[in-house]
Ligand SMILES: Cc1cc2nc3c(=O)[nH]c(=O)nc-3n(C[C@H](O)[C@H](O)[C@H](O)COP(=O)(O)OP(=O)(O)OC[C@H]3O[C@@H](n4cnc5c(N)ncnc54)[C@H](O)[C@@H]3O)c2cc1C
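One chain comes next, on its own, written as structure tokens: the form predicted on its own.
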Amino acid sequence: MKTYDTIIIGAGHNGLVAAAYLAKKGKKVLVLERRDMVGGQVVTESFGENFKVDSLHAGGTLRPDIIKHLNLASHGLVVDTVRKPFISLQADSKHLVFDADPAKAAESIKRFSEKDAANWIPFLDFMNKVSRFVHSANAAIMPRLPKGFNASEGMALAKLGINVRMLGGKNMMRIIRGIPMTADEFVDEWFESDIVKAAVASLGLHGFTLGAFGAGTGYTLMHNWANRGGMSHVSVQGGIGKISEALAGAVRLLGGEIRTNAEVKKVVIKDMRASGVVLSNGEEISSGNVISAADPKHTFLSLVGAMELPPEFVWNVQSIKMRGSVAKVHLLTDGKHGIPDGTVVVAPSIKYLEKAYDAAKYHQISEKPYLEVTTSGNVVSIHFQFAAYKLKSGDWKTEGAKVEKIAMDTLAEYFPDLKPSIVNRKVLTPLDLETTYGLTEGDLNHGQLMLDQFMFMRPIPGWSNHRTPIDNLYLCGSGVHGGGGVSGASGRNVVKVLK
């Protein structure tokens, strides 16, 4: 039986980042992926002739240091340096355009508020400091509070504290205050126009089942801003799947092995120690360490099993809030859809965003959803919120058509040429996100990034440093600290704690 130093479950971007770093250290690494392609949720797929789409993420990029360390440019990864605008649609067609050029953005904002236009550049300066804080925090290994604290983790926290203090006393306090704030409160400190506030606040909702009046959306706004490097999505030449392809190329070049169509059925455990995995076809593979890039619930409750874990730990895992509420609608058009290039949102007011979220609270599909739309050639991709994973009535085998209709009807109010231009379509429901992409309850972040599930409480209190109650079993997916979005931070960090 072949033995490896490390087996990684899941070839998502975090799993591949971890594999590349370990292979670079000379470790014998095997990545196992249940699908027939690498990438997890960071994939570009074809759903028909000339119908190639970025399935779940419209854009994003890994941390620059990861790209540099793994020399991903040599594997074909090219990130566009020219940022496209972020456009908030308005009923009168005089849309609010946040151009990458701050002066041009301020001019567009001025139509809604001269005061807000004057505050735009100072706000950008503040958000740059916010991004430095978020990236610094995500690079730190969180200690296992309230127990298990060690000196190395203490040093990481001390370094984080120094980095925050170096932002200046005023900025430090503003960032710390902003973490528990609602997105509404966060933007209210900078802007007076409800239209401007709603556009910026929408970043705090993207991918999360929270409303603009939800505590902690100040932090999710900062988190998404930092990952994007601003308001609009970062584009990757050839589609976001090029990130995963480049990482897979790096893993293989460095001596790592990747197997697709290889679903892990369980982690082999003896005396509270992981020693390998068993595949769905019955094959057993041994290893010194096992790293799971899957979400914590699936890892512990399905791959490990409750019988192998302490009862209190199992209860905490069962209590992790997933609550996915994202659907995707991809449209192949003849190119005459009329939608401008960039990141286009339907977020006309703060109250509109909150009412859209109400549907998720009551296990429904929003009739007036928050939408984020991007285009790539003839393809229009729509990020739809909110569509509850657990529906009060009906099921996702039939309700996908309703999401599609609502999305198209909503956009048709702004772009009447859209519907006649449609040639083909593909809807991905929250259930599809679970069954096809392995996202429990359709949660893009492997667990909501809420105040009780972030930093040293992610995935659960006491287990925030990638380790688990099972020796030699580690986590590296979006469900641990540093995860959420497309940065690769949690995949990089797990390597620091391996025995």
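Numbers for residues come from their place in the sequence shown, where the first is 1. If you're wondering where the values come from, they're calculated on a predicted model, not measured in any experiment.
There is also a form predicted together with this ligand; it is not shown, and the following applies to it.
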The single option of N224, T374, T182, S275 touching this ligand in the model of the complex, heavy atom within 4.5 Å: N224
Residue (of D341, E263, E192, D101) lying close to this ligand in the model of the complex, criterion heavy atoms within 4.5 Å: E263
Candidate stretches 444 to 452, 45 to 53, 61 to 69, 464 to 472, one within 4.5 Å of this ligand in the model of the complex by heavy atom: 444 to 452
This ligand contact at A20 in the model of the complex, heavy atom, 4.5 Å: no
Partner proximity in the model of the complex: K242 to this ligand, non-hydrogen atom cutoff 4.5 Å: no
Proximity of L439 to this ligand in the model of the complex, heavy atoms at 4.5 Å: yes
4.5 angstroms heavy atom contact with this ligand in the model of the complex for A489: no
Stretch 287 to 322 - residues with a heavy atom within 4.5 Å of this ligand in the model of the complex: A293, A294, H298, L303
